[in-house]
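Only one chain comes next, encoded as structure tokens, the form predicted alone.
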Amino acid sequence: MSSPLLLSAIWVVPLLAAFATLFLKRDDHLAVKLVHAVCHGGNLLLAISLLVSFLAETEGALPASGTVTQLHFAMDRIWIPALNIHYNVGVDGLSMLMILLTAMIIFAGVFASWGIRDRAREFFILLDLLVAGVYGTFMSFDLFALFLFYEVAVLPMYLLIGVWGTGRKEYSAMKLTLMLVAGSALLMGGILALYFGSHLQTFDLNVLSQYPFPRSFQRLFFPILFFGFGVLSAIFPFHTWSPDGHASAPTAVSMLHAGVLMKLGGYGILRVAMYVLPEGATEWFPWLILPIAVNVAYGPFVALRQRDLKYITAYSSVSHLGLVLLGLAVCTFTGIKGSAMQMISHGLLTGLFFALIGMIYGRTHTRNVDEMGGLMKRMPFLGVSFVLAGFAGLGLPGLSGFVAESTIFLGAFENPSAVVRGCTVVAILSIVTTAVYILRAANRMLHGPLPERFGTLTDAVWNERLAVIVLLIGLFGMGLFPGWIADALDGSVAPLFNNLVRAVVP
């Protein structure tokens, strides 16, 4: 089997697992989980092997001097001839790394959900649909297919939260769905505008990136695409769906939601809006950087007021995703590369946080930090893992957060604008607030007297330890060995950045 077929297999395998699950007995929960452990474990190995092949192909290559993304493992087949829609897939460094991130999180999510018994078959089938959509979005270079996969990834969230969630799950599921559908409506309008506005009637991203759209066209449609994708990245003030959705979602869904689904927003802004409409990006970002700075600074202060662990992590995500957008908005090579690194780092970080919160809640039956205390005495593995995740969140050197955030800040100061540098200073100062709420929550949970009702708590079991260790390997691997990730991203960022330079200096 050729590499292009192996790449397509990554999104097909979850669908095959979902189909196979239909033939299992409804109450045979172990068989359902074993099918998915094998499926997503195999996909993780496949993603690793493709990444190794990709790195071997690109070893020693200099960043591209052109403005077209060079695709690896590419396959381009006509799909709907009447509309010139293609099945056009391939990867560059960013896509390959995001696919690997998705594979790691869904693999960990299966083992974090090992104890689920309520309609397990349907739960895992919906997870399969969600993750297949995410994989397809990251590898699609035809806008129609990209949008189709994007919708497949978003829509299962309604059922996953509304059926298997907790608390105000119906309200949270409906709020999330309505907000994301509104963003999807903007995306559909923007994509159709690109299709008809180019007069080429093509959805091919690389072709559209070379089409000279008039500045007036770019000025009109860049914000439509930006906010269409930005809703999924919880950009202020369209972020309110995110904390409620996180708080109500079951563990594996929270992991996928925060770990990869929300990255589709930043990825789409970079891959579509900035790549195809660079003049619109350079005109709008000096204005958009202000609400982006609010994103970064607002999240930590709201997190300080929370007592629910999921809400703390959710508002932390609003801030960290603001850093993704900040890296894009500064329009420098280093800043954009830092933004891509932050997507990966934040995916690992939030995936781990929500996995740990789910495991702790399953034992204590509370997420309120004021009702906890002394948990380190009964759950040392989970406690130490939570502290390590917290250190990554506040940017401790040696972990992924430091590498990503410092790259963004360095790239931001390469931009001579006083407004950009001022917003960057605000973003840097927000790290202090981040340290306060993370360390305070960890201290209240893990230290002090142990409540009597927690005297019989047990630590993580084998499946939970496996899920946590996979994500910790990612956090430490990126933090201690960031060079290969930065090199893999150079080829992805260069065409986009060259397009931006060409937009400023024709």
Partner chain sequence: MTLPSILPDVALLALAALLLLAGLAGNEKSERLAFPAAIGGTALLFLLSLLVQPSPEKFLGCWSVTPAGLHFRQLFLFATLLVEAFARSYFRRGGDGKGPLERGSEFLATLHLVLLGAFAVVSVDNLLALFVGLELATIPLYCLVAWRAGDRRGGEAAVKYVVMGAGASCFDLFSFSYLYGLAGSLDFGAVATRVASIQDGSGSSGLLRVAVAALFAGVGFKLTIFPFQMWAPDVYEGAPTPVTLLLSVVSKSAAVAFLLVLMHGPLAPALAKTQELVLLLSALTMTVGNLGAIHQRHLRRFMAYSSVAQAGFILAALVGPADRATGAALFYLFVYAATNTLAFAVFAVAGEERGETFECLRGLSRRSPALAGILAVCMFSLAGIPPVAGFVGKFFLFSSAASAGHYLFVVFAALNGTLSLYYYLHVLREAYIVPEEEGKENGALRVDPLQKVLLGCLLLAVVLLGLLPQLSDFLSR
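Since this is a predicted model, take the numbers as computed values, not measurements. Positions refer to the first chain, counted from 1.
One more form of this protein exists, namely the form predicted together with the partner chain; it is left out here, but the text below deals with it.
Remark: Ala185 counts among the residues lining the partner chain in the predicted complex, judged by a heavy atom distance of 4.5 Å or less. Contact annotation for Trp79: at least one heavy atom lies within 4.5 Å of the partner chain in the predicted complex. For Arg215, no non-hydrogen atom is located within 4.5 Å of the partner chain in the predicted complex, even though that partner is not displayed. Although the partner is absent here, Val181 sits close enough that one of its heavy atoms falls within 4.5 Å of the partner chain in the predicted complex. A heavy atom within 4.5 Å of the partner chain in the predicted complex is found for one listed residue only; from Phe221, Phe285, Phe229, Phe141, this is Phe221.
Only one of the listed residues (Arg363, Arg121, His72, His86) places a non-hydrogen atom within 4.5 angstroms of the partner chain in the predicted complex, and that residue is Arg121. Stretch-level contact analysis of 253 to 261, 88 to 96, 191 to 199, 285 to 293 against the partner chain in the predicted complex, using heavy atoms and a 4.5 Å limit, identifies 191 to 199. Against the partner chain in the predicted complex, the set Glu151, Glu170 and Thr177 is in full contact: each member has a heavy atom within 4.5 Å.
For the stretch 256 to 278, the set of residues having any non-hydrogen atom within 4.5 angstroms of the partner chain in the predicted complex is empty.
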